[in-house]
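In structure tokens, the next block holds one chain alone, the form predicted on its own.
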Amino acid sequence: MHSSLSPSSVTDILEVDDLHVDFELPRGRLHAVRGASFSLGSGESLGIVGESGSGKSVTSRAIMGLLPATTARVKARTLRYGQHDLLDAPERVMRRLRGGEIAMIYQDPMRALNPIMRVGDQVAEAIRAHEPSLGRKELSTRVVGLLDAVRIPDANKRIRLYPHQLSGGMRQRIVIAMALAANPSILIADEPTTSLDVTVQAEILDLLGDLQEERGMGMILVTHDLGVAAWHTNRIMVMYAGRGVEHATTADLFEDMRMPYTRALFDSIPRVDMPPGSLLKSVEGRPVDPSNPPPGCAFRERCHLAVEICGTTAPPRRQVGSHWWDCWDDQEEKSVK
């Protein structure tokens, strides 16, 4: 893990309380996020973990104000960055905050980059968006400096290349350089290694961790992989069916997983000590339909600990210190074997 910040050693710069996001679609209303709550401290790294469709990316885009106004309905008790209410901020303010204060790295670098622009020009454009008066010479120096910061060799030569002339890992480094152009306070990395091979994934994640520490940024790492979150976050929130279902410091979560869904995610991670020929585990069953979430616990149909009340009544929130989880199961002691 890159850092060992304690909850008391950081100041919250982002507050999200009871966030809801619905989409009005022709087939009906889709409940993508149903009451997510978390905070992010300065210099802290928060992992948001869950399967596809759990609401992770929609939560990130709601923070950035990037959801389609025609179909998305966003509401929250609190959605605040510093002194800015992100729900009510005018678009001119959001344009300044996006990239300038809160930056985002997307899953697919090839889609995030313009295929007919040189990568150096794209990084320059990201800088100029927030510093339009910057001179050409200083701008060029800044572009090369950013490429150096994300460990692209021969930066002076690479700035003249087009995206298709770079490897997937190099393209993702360009996207990271663009995200860092205005030295943001928060970096949201949305599945930043999805399209990369395992070796390059590790390099990119290590790079993000190093940059976060060097620049003192808060980082939200969105991932489906608890193993990735284990090494690159201070805290983890596990999401299922649009809700946070367990939250703890990373160390506490792996010491004592309480919510059965969290344990199921952990058990599905491939392990090097598995006997040859053994089958990989997966989370059994199918995620719930977000247009028709069931009463009670959304994980009930996939949970081996489910009892009758799980199907009728929402589970209570149990808490020990800063570790909380939503579950009817009241076993007091569980340990990761």
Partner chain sequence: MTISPGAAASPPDTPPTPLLETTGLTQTFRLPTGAEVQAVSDVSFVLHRGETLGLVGESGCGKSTTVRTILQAPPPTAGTVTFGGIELTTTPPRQLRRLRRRMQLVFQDPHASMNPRWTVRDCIAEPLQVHRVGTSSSRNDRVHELMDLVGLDEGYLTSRPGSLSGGQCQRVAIARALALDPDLICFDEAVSALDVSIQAQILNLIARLRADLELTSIFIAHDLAVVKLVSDRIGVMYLGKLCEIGPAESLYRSPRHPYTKALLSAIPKPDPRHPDRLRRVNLRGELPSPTDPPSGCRFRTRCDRADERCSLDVPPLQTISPGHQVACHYPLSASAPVEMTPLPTRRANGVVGQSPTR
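What you are looking at is a predicted structure, and each value in this text was computed from that prediction instead of being measured. Residue numbers count along the first chain shown, from 1.
The next section is about a form of this same protein that is not shown, the form predicted in complex with the partner chain.
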{"property": "The partner chain in the predicted complex: contacting segment from 306-314, 60-68, 38-46, 269-277, heavy atom within 4.5 Å", "result": "269-277"}
{"property": "Three-residue site L196, D225 and T250 fully in contact with the partner chain in the predicted complex at 4.5 Å by heavy atom", "result": "yes"}
{"property": "Heavy atom within 4.5 Å of the partner chain in the predicted complex - the one residue of G82, G145, P115, P153 that qualifies", "result": "P153"}
{"property": "Residue among M110, L161, A202, V93 with a heavy atom within 4.5 Å of the partner chain in the predicted complex", "result": "A202"}
{"property": "D256, heavy atom within 4.5 angstroms of the partner chain in the predicted complex", "result": "yes"}
{"property": "Close approach of H232 to the partner chain in the predicted complex, 4.5 Å, heavy atom", "result": "yes"}
{"property": "Close approach of M170 to the partner chain in the predicted complex, 4.5 Å, heavy atom", "result": "yes"}
{"property": "4.5 Å heavy atom contact, S282 and the partner chain in the predicted complex", "result": "yes"}
